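Presented as structure tokens, the chain that follows is alone, the form predicted on its own.
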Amino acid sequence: MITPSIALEILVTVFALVVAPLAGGLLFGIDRKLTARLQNRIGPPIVQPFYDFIKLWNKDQIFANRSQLIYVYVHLGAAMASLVLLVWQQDMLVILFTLALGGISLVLGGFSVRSPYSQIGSQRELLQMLAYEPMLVLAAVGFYLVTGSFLVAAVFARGTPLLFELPVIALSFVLVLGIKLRKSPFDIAAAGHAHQELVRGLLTEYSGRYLALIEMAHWYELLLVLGIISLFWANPLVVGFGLSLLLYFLVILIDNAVARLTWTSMLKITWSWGAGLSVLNLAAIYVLSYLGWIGG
């Protein structure tokens, strides 16, 4: 028997799965429009990502091997599942591990073909994951130190915003967003514009409907990361949404102001300024909690 609470969860889940790609596609469209304006161009319409999706969906289905297709569906499924878990206010570590599964599946898809561009792009994608995953885990640890639980529900049950205790970790999501969206200076695996030595890197051997599904997965991932950022100011959540959009537009500005880094420089920046300062933030929380100056 379906109780009213279960029916509400189902309704919210369906709503999230339908609205998330629409919102993600619009944000990508706004990104392209702002980028064009910053470069003194008119740029495409905001709904251009949806036009591109439809165009890719209607192209011939060409693939190097069938294992590629499995990895694409796992990548998309993991992105959708991560977002659903966030909406259900579940364990943050489970959300991050599910998201990582999607990233690994895309890498395995790149390794499953013989293209040197895809192989190099997959190697660099692993390096990117090595750069941002520690910051995501440290954010989850920060949530635990402040709320006493890894559950997202505990964040909403808390009265004061997490931003007051975790300002550095919140700011580190500028790096996380930049890497996840593959924007300069972190577009080393599969940039929006083909690099001479990489072509499209990780995505070189994907086309048609399967490339469209990967793009949809990116829309889900964008909403997921923005949703995690919103948790730093969950009461009221509208302020958190504003904070996440502010960091998103900051990433767009950085993308248009800096050049691409090497993978070694990327790891140095993320591990020192991102993960390193986040560890100091956590250490400060632990000390202040021990002294009784803040409550967990």
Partner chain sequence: MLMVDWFMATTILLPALAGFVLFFVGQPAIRRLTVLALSVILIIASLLVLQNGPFTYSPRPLAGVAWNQLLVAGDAVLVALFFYFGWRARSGLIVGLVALQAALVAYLEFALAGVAADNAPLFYVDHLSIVMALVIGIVGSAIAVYALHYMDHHEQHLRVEPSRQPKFFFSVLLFLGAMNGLVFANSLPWLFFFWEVTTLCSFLLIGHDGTEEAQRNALRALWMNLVGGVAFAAGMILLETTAHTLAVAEIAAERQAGGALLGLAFLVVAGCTKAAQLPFQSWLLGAMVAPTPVSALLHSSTMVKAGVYLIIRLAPGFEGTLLSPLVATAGAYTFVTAAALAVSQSNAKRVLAYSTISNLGLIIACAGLNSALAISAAVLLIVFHAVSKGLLFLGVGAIEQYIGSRDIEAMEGLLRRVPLLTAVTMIGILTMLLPPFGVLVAKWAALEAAARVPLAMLLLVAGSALTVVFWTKWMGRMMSAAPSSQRLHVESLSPLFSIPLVGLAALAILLTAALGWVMSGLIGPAVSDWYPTVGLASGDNGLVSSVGAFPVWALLTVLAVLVVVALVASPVREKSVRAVYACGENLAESGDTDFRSIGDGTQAMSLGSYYYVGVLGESKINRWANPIAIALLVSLMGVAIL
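Residue numbers count along the first chain shown, from 1. Keep in mind the model is a prediction, meaning the values are calculated, not measured.
Below, we refer to the form predicted together with the partner chain, which is not included among the displayed structures.
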property	result
The partner chain: the contacting residue among Val176, Leu138, Leu226, Val168 in the predicted bound form [heavy atom, 4.5 Å]	Leu138
4.5 Å heavy atom contact with the partner chain in the predicted bound form for all of Leu108, Gln123 and Pro134	yes
In the predicted bound form, Thr160 touching the partner chain (heavy atom, 4.5 Å)	no
Non-hydrogen atom contact Tyr210 with the partner chain in the predicted bound form at 4.5 angstroms	yes
Asn65: touches the partner chain in the predicted bound form, heavy atom cutoff 4.5 angstroms	yes
Close approach of Trp219 to the partner chain in the predicted bound form, 4.5 Å, heavy atom	no
Neighbours of the partner chain in the predicted bound form among 119-152 [non-hydrogen atom within 4.5 angstroms]	Gln119, Ile120, Gln123, Leu126, Leu127, Met129, Leu130, Glu133, Pro134, Val137, Leu138, Val141, Tyr144, Leu145, Gly148, Ser149, Phe150, Leu151
